[in-house]
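Single chain ahead, by itself, as structure tokens, in the form predicted on its own.
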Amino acid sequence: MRERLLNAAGRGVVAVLLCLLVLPLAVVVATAFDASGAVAFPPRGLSTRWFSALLASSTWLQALLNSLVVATGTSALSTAVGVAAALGVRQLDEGRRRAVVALAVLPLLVPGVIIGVTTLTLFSQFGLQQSYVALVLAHSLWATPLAFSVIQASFARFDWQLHEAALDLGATPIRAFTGVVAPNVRAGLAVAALVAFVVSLQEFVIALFLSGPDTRTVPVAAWNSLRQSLDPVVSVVSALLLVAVVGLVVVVGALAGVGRFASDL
């Protein structure tokens, strides 16, 4: 009986915490359908007119496109660098491997304001400020350590004797990786790419320093809009991004395998 009570109490705590995490998101989605011109909860009426307003706004559509371009580039770059780094640390002994891993996560400890200022100063020297390249490189400073951690964990569960067997049978290193390693760690690669994509999609501080009129991402556009008034279109954009991220998680989980996807998370 005592064990059952403890299990029930634990599930209750988890349920409460889950509600605390989900309720703010539900409020955002609800305000996106508010018929009034103010952001209020509960909605005074239901309407989809703010979705039409979003589609009619070139500023918001450009911000959505910018966010997708930057997030896709960040995801590709961070995953590629994460794979290379994870393969590299496999050749090191335990002490040096720990040192490299600790060094790799250092960018996560640096405040975004500092990264934004320093990267703006650096990229200005090459005329890359307010460009997609600057945003992708800067976002990768935060996304790559996370992608590297996920990929390294996936590599640790892989039987590397299969890779060595492929090399012994005449496969090139690239062929051995793409034909033997990648299919067996595809869940980890998918999770790493997804994490990097989401990190870039929601990043605000660095983008505020590095984006320009033609490269503003959704968080920066939302901040500019909210400085003037509480615009319901901000809730619409947030709801669409939320649905997009959930859809990506579902698709990646289906393609990579739900069990392996959850274990790599």
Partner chain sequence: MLELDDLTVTYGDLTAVDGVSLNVRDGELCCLLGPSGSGKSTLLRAVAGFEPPDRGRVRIDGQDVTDMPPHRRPTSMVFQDWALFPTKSVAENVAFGPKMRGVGRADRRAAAQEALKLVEMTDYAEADPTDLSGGQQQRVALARSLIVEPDLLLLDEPLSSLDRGLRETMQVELKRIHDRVETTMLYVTHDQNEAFTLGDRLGVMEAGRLVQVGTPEAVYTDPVDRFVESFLGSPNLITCRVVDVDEGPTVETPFGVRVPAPVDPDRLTLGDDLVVSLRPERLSVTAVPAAATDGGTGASVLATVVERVYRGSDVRLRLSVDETELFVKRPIGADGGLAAGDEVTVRWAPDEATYFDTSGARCR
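Given the structure is predicted, the values throughout are model-derived calculations rather than measurements. Positions refer to the first chain, counted from 1.
This protein has a second form, the form predicted together with the partner chain, left out of what is shown; the following refers to that one.
The contact residue chosen from 173, 88, 111, 127 relative to the partner chain in the predicted bound form is 173, the criterion being a non-hydrogen atom within 4.5 angstroms. Here is the short version: of 104, 180, 195, 77, the single residue with a heavy atom within 4.5 Å of the partner chain in the predicted bound form is 180. Note that among 160 to 168, 93 to 101, 140 to 148, 187 to 195, the stretch whose heavy atoms approach the partner chain to within 4.5 Å in the predicted bound form is 160 to 168.
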